[in-house]
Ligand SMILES: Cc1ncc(COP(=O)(O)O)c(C=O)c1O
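Just one chain is shown here, as structure tokens, and it is the form predicted on its own.
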């Protein structure tokens, strides 16, 4: 299926109409958190009703876990046993970081200045084991994969990047980096916070060995849950830093069964599963992924790229500085305007602070990250949303 294919108009309207927040907001803040659809809310309500009225049926809850595990695996072209449940991205990254059998003098490579801090601290924490954390500098706010590749040597145990940086929101050429890492025999771990559910993700085609994601952003579900994909061949070389019953292979034995004191880890990424799961958040994300997969992630990506391209072109036509300039291969689902700085609570230019306030007063949801106004889109956005933002921006600068 081509990324140029458009989403069926009827399906798109039905998808958009299932998000009540869009009746009030021009919602362009999925990079912060998405909004819930009525389908997702109904699934959550059904789960809570079962708990409230009946206490809950544990067997059906476990069946939901396996259905959802398989659904996420299908979403990213993985196998169910390559997927574990986490509480967020940070936990998934730490599970991998602490699961590697490090030796003093080993190294990990990343571009820290463009990563969220939670994909930096897990690696800094390993310095106590004698692990070298190798940093590369960004190039024009892009993650330089050539420099990452150049730092790889025989002691490199992992390379890690964000698939899309949270600011300024550029797409990382993950496939090219994956090819280098595969050729050198070095695992590639990605933080997919800003891409899963928005950009088409095929872990096999990308050459990704592990991927961590939470469910409140592009997967359009709740806080407090995430998924960790680890390719089976790598997962079975990792040793969980902490272990519980679900991470132990006891076949189909009861969840409270205790084997003998000699144990084997569960196959693949299941070894990272711990105690009881977040069943409510699982009910929510299972429902939201059904909706995403009905549209198809290739179609979703095409829709989002079309809208972000139009937003970029509209801002540039007004003479507004857009990170990355003209649309190009760096484009994902995020558009940032203004000039970057270390300010997370505003911009360094009063006109952009006032534009942010003006847009909010006119029911546009966006955020500020690293001194820039950040607009982030999903498939529930449409051209009317883009035109509304551009029209409000023109009005603001015409009277400012």
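Quantities reported herein were computed from a predicted structural model and do not represent experimental measurements. Numbering follows the first chain given and starts at 1.
Just so it is clear, the following notes concern the form predicted together with the ligand, a form of the same protein that is not shown.
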Quiz item: Is residue 200 close to the ligand in the model of the complex, meaning a heavy atom pair under 4.5 Å apart or at it?
Solution: no
Quiz item: Can you check whether residue 228 is within 4.5 Å of the ligand in the model of the complex, heavy atom basis?
Solution: no
Quiz prompt | Residue contact check: residue 171 to the ligand in the model of the complex, 4.5 Å heavy atom | solution = no
Quiz item: So, in the model of the complex, is residue 89 in contact with the ligand at a 4.5 angstroms heavy atom limit?
Solution: yes
Quiz prompt | Options 130 to 138, 146 to 154, 292 to 300, 189 to 197; stretch whose heavy atom lies within 4.5 Å of the ligand in the model of the complex | solution = 189 to 197
Practice problem: Identify, from the list 123, 85, 72, 166, the residue with a heavy atom within 4.5 Å of the ligand in the model of the complex. | Solution: 166
Quiz item: Considering the ligand in the model of the complex, which of 214, 288, 282, 308 comes within 4.5 Å of it through any heavy atom?
Solution: 214
Quiz item: Going through 100 to 120 from first to last, which residues have a non-hydrogen atom within 4.5 Å of the ligand in the model of the complex?
Solution: 116, 118
